[in-house]
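Read the single chain below, which is given as structure tokens and is the form predicted alone.
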């Protein structure tokens, strides 16, 4: 399906600069732009590509000014990146959707299945499950007994959802994710052997949650591991038992959060962040890549990095000092030699 620059600008409340009748039917990166595609510019590092891109339409921020002639038609909007997101969502919404239940699936008689549901081949849905309207469950996914999957959620292939877990509305769970596996709970005895503590809780996912591929969210020992509304979890993230993640928090790949930690709303965890157990993390906290969080974060809105964590300004100064350490040591050794000679 093709859209003109005029139609796109009207949808985005933007301003056309150039040929308003030019049409596009696909998207491209600005450095690899092709005829018939739309691209965007939001990062100043890519500004030079706007003068050479072959894309026919480029979304730009409304304050963007040109330094030389541009062949593409520009659409000026409040925020080019957000505008692109709206267009991608529109394109996704007009794709044909799958419905129907595969004869190769295995659905318990006591399960309740909503309307306009897609269930792929070799999907297993256990006893007393409740599957909402417009849910899509792709092949080879296993849903255990007493699970709820609410309206408009999508569960991709090879996902495992253990018994009694709850998946909210408009969730997206990517391939290989495991929701509700046992928490890592063991009690050592007098001989130093680890005895398993039964994990009898569940996992509750709020609405508009997205779980990345091969992420794991463990069930609570007692009660619930809670992922609140709007949380976005990347691939290969581990959330331990009884953790609570606040609304609209984003967690990047390979992050691990240990048991019973409570994370406030709108926090950001970059890649490979490690968080110790039984901590409270204040809202809007931001952790740089590979940060090790070892104690409570009490003040909202802080930015941290390093292991153990420290304010990012301190971490940067420490990093500079560490780089200078070999040279500094040589100076100290030289001073020691000179002092010995004097004495």
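Throughout, rigid core stands for the largest set of C-alpha atoms superposing within 1.5 Å between the two forms. Keep in mind that what you see is a predicted model, and the values were worked out from it rather than measured. Numbering follows the first chain given and starts at 1.
Another form, the form predicted together with another copy of the chain, is not on view; read the next lines as being about it.
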Q) Thinking of 12, 64 and 228 as one candidate spot, does another copy of the chain come within 4.5 Å of a heavy atom in every one of them in the predicted bound form? A) no
query: Does the 4.5 Å heavy atom contact test between residue 165 and another copy of the chain in the predicted bound form come out positive?
result: no
- Message: With the partner left out here, check for me: in the predicted bound form, does some heavy atom of residue 291 sit within 4.5 Å of another copy of the chain?
- Response: yes
*4.5 angstroms heavy atom contact with another copy of the chain in the predicted bound form for residue 35*: no
### Query
Does another copy of the chain get within 4.5 angstroms of any non-hydrogen atom of residue 48 in the predicted bound form?
no
In contact with another copy of the chain in the predicted bound form (heavy atoms, 4.5 Å), from 241-249, 128-136, 109-117, 68-76, is stretch 241-249
Contacts from 86-113 to another copy of the chain in the predicted bound form (any heavy atom within 4.5 Å), listed N to C, are 88, 89, 92, 95, 98, 104, 105, 106
Residue 322: CA shift of at least 2 Å between this form and the one not shown after core fit? no
